[in-house]
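In the block that follows, a single chain appears as structure tokens, in the form predicted on its own.
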């Protein structure tokens, strides 16, 4: 069991372990391996990942801070599941803030930063899922196209909001609902056009292209999320009918 130091701080080894567990859990949530709305418990996660409760609690606190899990009284912790209204509000914010970030990136990004964007797109093009038009999965941080553009805005407020506060929640819905069907290839082409506008220093075009890009993603996400909610309701009704058939009348 991990003990705390005399000052009450978690030792470095435990913090490192908590970071690893946080990365594993957030990746599982983003990819849908831990489904939206599913209940999660400390004993279950501790057994799955083979860790003590201290690092796990720290990892779960970070997941909660990043809005990936939520706690309900008398229920416990669940993987976040936004309502349709909340999802659309999230993408409204993304449209406004990421288009602003693209405008600022066209103004401030250095040659090296633009090259880093192009290098990321080269890496994305080599992914099997994108090549087969099945999906467009982007790893987090410096391998995420949108993350790099926000960083390239050189605006600390935008970076705090989009690269920290909302990053994992946005990434969850981008990954699970927008990068499927015919959207992956179109999104990839749009990324290239945005980079070209940024590289040329065309602030207005960069902002416009990013706004269109996010609006297109918003429409795809909303449609697919609505379908998933309908599937959940149909399953719930089916289970309810099956239960009523098995329950003898009084």
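Keep in mind that this is a model prediction, so the values were computed, not measured. Positions refer to the first chain, counted from 1. Here, rigid core means the biggest group of C-alpha atoms that superpose within 1.5 Å across both forms.
Beyond the structure shown, there is the form predicted together with another copy of the chain, which is absent from this document and is the topic of what follows.
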Residues in which of 43-51, 186-194, 203-211, 24-32 have heavy atoms within 4.5 Å of another copy of the chain in the model of the complex? 203-211
Taking heavy atoms and a 4.5 Å cut-off, does residue 122 contact another copy of the chain in the model of the complex? no
4.5 angstroms heavy atom contact with another copy of the chain in the model of the complex for residue 115: no
Is residue 65 close enough to touch another copy of the chain in the model of the complex, meaning at least one heavy atom pair within 4.5 Å? yes
I'd like to know whether residue 57 contacts another copy of the chain in the model of the complex, with contact meaning heavy atoms within 4.5 angstroms. yes
So another copy of the chain isn't shown here. In the model of the complex, which residue out of 172, 97, 148, 79 has a non-hydrogen atom within 4.5 Å of it? 97
Using the arrangement in the model of the complex, list in sequence order the residues of 83-101 with any heavy atom within 4.5 angstroms of another copy of the chain. 85, 86, 89, 90, 92, 93, 95, 96, 97, 100
Would you tell me if residue 199 moves between this form and the one not shown by 2 Å or more at its C-alpha, with the rigid core held superposed? no
Hey, does residue 108 budge by 2 Å or more at the Cα between this form and the one not shown once the core is superposed? no
Do you see a C-alpha shift of 2 Å or more at residue 156 between this form and the one not shown, with the core held fixed? no
Do residue 26 and residue 160 have their C-alpha atoms closer or farther apart in the model of the complex than here, with the shift being 3 angstroms or more? closer
